[in-house]
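Read the single chain below, which is given as structure tokens and is the form predicted alone.
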Amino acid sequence: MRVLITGGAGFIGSHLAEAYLERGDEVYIIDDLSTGSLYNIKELKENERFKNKLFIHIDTILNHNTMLELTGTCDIVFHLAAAVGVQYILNNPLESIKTNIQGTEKVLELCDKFKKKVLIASTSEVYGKHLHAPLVETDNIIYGPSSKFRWSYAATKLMDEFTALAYYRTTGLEVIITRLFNTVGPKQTGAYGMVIPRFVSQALKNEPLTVYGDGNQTRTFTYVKDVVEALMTLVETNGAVGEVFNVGGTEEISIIDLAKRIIKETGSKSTIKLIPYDEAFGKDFEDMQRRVPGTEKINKLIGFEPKTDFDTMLRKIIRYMKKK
């Protein structure tokens, strides 16, 4: 099988590419390296077993001719390319909106032209400011005002979902939408605001762990290989077409407790430093205080349950970052 992964040099995309290559499939990657990195796919490029199985295009998904050729060549498409990370979104608001909305429109247009099944990677951000848990796929959406650019990312990803479902209902295009909740693992960088690699990096340097706000906001985390397995299973499951699925873990932890756990696991001499949101991100930021996924829908369809518990994934990330 030939698999196209947009954003394939990114954190999740590179792990997905590796899984398909290990299975013996051909993998085509397109990435503009705005947040992805050639380092993420370096080992794949250098692996002799994958020599004639991996094809890398450094380009934007807005390039019609390149995407036309790639979509026509491949059997299935994973659309992971997007502007990611709170810090990146706030620093590049216009580019982020264009990438997320116009990029997804291009992918869906060409998938429809060639009738190729496509999985759209959405995000837990689309739920907005809910405080209850768990969040389920049929929940209403609650956003802050448009003056708070933090919500632009959530709004663009929700628009991606609407567009994908419109194609499914109008033309019959086989689409699957996954809302990913804080995926973590090796190769993830803290450069764009990702909390665990940022904390681990600070702890390994014995620097203060910078916790934004009061640290009482809570999250769940899911190991990247568990997420990749879920994505691969969903695209092979007929009942997934035309549906939206949460993909995430269920072990809820506050950010301040996360910082304490990382200090303990690394044996660091670091302290914890609280930084107000407006100092860290400026006036355009609001936070989601709680984000816990309901996974009953995906569990019922494909039996998905995260296999990697929180302590195990944390130790894997720390080992990787120490080695790196």
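Since the structure is predicted, the reported quantities are computational estimates derived from the model, not experimental observations. Just count from 1 along the sequence shown to find any residue number.
Keep in mind the form predicted together with a small molecule is missing from the figure; the text below concerns it.
This chain is displayed without the small molecule, yet in the predicted bound form the stretch 198-206 from 140-148, 91-99, 198-206, 237-245 comes within 4.5 Å of it by heavy atoms. Contact between L108 and the small molecule in the predicted bound form is not found at the 4.5 Å heavy atom cutoff.
Contact annotation: E69 falls outside 4.5 Å of the small molecule in the predicted bound form, judged by heavy atom distances. Within this chain, D287 lines the site of the small molecule in the predicted bound form, having a heavy atom no more than 4.5 Å away. In the predicted bound form, Y277 approaches the small molecule with a heavy atom inside 4.5 Å. Taking R219, K116, K187, K225 one by one, only a single residue has any non-hydrogen atom within 4.5 Å of the small molecule in the predicted bound form, and it is R219. Scanning V292, L44, I263, I255 against the small molecule in the predicted bound form with a 4.5 Å heavy atom cut-off leaves one residue, I255.
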